[in-house]
Structure formats: structure tokens, C-alpha cells
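Next comes just one chain, in C-alpha cells: the form predicted on its own.
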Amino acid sequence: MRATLMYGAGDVRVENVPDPVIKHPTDALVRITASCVCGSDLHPYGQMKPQDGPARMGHEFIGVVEDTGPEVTTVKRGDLVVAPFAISDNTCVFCREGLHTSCSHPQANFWDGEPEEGGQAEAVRVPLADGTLVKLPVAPDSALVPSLLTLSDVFGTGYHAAVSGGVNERTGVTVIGDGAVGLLAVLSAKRLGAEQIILMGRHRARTDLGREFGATDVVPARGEEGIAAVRDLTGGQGTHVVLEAVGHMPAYEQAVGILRPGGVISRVGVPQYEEAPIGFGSLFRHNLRLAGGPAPVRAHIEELMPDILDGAIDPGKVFDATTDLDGVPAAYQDMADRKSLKVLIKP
């Protein structure tokens, strides 16, 4: 079959690889019908060293179950399923607490940690199929597929940011980042009742979509100028909750600068740093809190899916381009160049 591999920074190739096979009785084989390129894929695309490649790519996909191991009971051949970006058994103590990204099963993993598997491909072996896969009540060619695909990562991640930050009808929210996760964090904050949602982004097409999703204000400025603009919009006090969907240090510093006393920074942008200001002069003095982390999107799929199925929300609007596997290398470049927001792949 054909699959996407990254050989190093800027070097993405689609090549023939061995077909996946069932290795464990809890596995399923899935023929992929829809996948995509994630903003987090751009981190290695910008900095992967050749000695760290080639790496199979893709952690968001929908597909049809083609075969299952003898112990799989919740899905069967012919089912259309969506897979979260983390593999989990959905039964361990952490999964039962809604923290599937910390699943204690030996086979639990992130797709990016499975060296022989990836979602930007024609097929994939899914470990722990009963815990990982969620059946979808639509056909593979349904118009809802793009929105349902966001449940595998970006919508669930934006929602995790909002929930972890404690967003409700009494909180003012600022979202840093106008990528797919940031925009769906806006949608999530709106869904949770926030009345003031400030989106910090500078790409007009994206911030316009952010307004459609519920942003009440847009601040294109960054750094000290952006901090001043947010504080002006919040009566000088700052914002209750910051949803940080970028992952770079300037975004974190901006978050600290716009937070009001007692507020929460909820990070879901994968941090590209290990050390950050958390001491007296940054977080401690005004009881600022730091939350977020890898989103346990499996915990949110059943909650979020009904609103997609009944048309109340359309998170699939974050996809602004579609390609087949041949176009995946160009899709990476287009997203890196900000020509595309998020590219849908139909193998």
C-alpha cells in the first residue's frame, strides 16, 4: 500500500510500504477513507533531522474496518470508524477518569509513536481496537465526514483546552492562535457559554472563520502590543482564561501577559520548550494557573458527535483544501506557508 513518510525537515514522500497485518487479537485493520495533515505535523516538518527519519505520518483518520482480531467485540468488518490520535484501551484507571492519553495498557501509544503505522496512508493496523475506535453512524461519502474527522484531534483538542481552562458563561476567554485548533477552541468556548471570546490571529480568512465560530473580537497584534490590546478589551483587568494553541514561547509569554489575577492558561499547542516563566513574577504572584496537555479526545467523542450529526455545529469548515495521497507533500508545504489552514486527504 501507499503511505506518507517524512525523511527530514521539508522532505515528505509518499511511498509503497508493506500492507498492515493483524499482530494481536485486539487489533483491527482499517481501510482509510479520510485523513488530514495536522498543524503539529509542521513541527517536525520544520526541524526534523535526517537521522530521525523516515517516520510514518498521520494521526487523524476515518476508515472502514476490513478485518479484526478474535478478541475485538465493539466494531466489525464494514463499520465506519474514527480513531483518536492516541491509542488506548478505554478501560484502565486513567481512561475511566477521562485521561486516555495516559492509558496504562502496554500497547497504548500516540500514533506518532507507532513506527510502522500512520493515518496518512491507504490502510492502518489499529491496536486496542475496542478502546480506540468509535463507530460512526454515517456512510463513508457522507457530507459530515470532514466534521466527524475533527473528532480525532483538532475539535477534541480545542474542546479539551476550553474544559481544562474552566470555560463557562461567566468567563472571558482569549484564544491564541488562528490555526485549526485555535479556531475550534473558539467554537468550544462558545459551546460552553463564554460571552466574550477574543481571538489573537492575523490571517483574515482564518479570523473571519473564528468570528463565525463565535469570536467577539479579533486582535491581530502580537507581543506587548497584543497584550495591551487584550487588556484594553477587558477593562484593563485581563482575561479569565487563555487557550494557547500555538506551542511556542512567545505565545506562552503573551498568555501570561494577558491573564487576569486568578486566571488559567490552558495549553494545547505542543510546547516547543521545556522551561517557561512560572515563578513569583509570572504566575505565582497573582494566583495564575497552568492547565492543559495532550487532549484525551476519546473522552469527548460521544459528547461532541451529536451536535455534528444534527447540524448544530460544523467544525469541518477548518478544512479549506482537499487532496489525494499524491498531493500530500504539497499539502505540507502549503500549510507551512499558511496558504492552507488544514488539508483533508482522501486516499
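Numbers for residues come from their place in the sequence shown, where the first is 1. Please read all numbers here as calculations on a predicted model, not as lab measurements.
There is also a form predicted in complex with another copy of the chain; it is not shown, and the following applies to it.
When contacts are judged by a 4.5 Å heavy atom cut-off, Thr91 does not count as touching another copy of the chain in the predicted bound form.
The shortest heavy atom separation between Pro271 and another copy of the chain in the predicted bound form is within 4.5 Å. Taking the partner from elsewhere, Tyr159 is found to have every heavy atom lying beyond 4.5 Å of another copy of the chain in the predicted bound form. Not displayed here, another copy of the chain is kept clear of Phe213 by more than 4.5 Å at the level of heavy atoms in the predicted bound form. Per the 4.5 Å heavy atom criterion, another copy of the chain in the predicted bound form is contacted by stretch 286-294, the sole one of 286-294, 61-69, 47-55, 30-38. Site annotation in the predicted bound form: the residue of Pro261, Pro250, Pro115, Gly78 reaching within 4.5 Å of another copy of the chain with a heavy atom is Pro261. This chain is drawn without another copy of the chain; in the predicted bound form, the residue among Val138, Leu192, Leu233, Leu99 with a heavy atom within 4.5 Å of it is Leu99.
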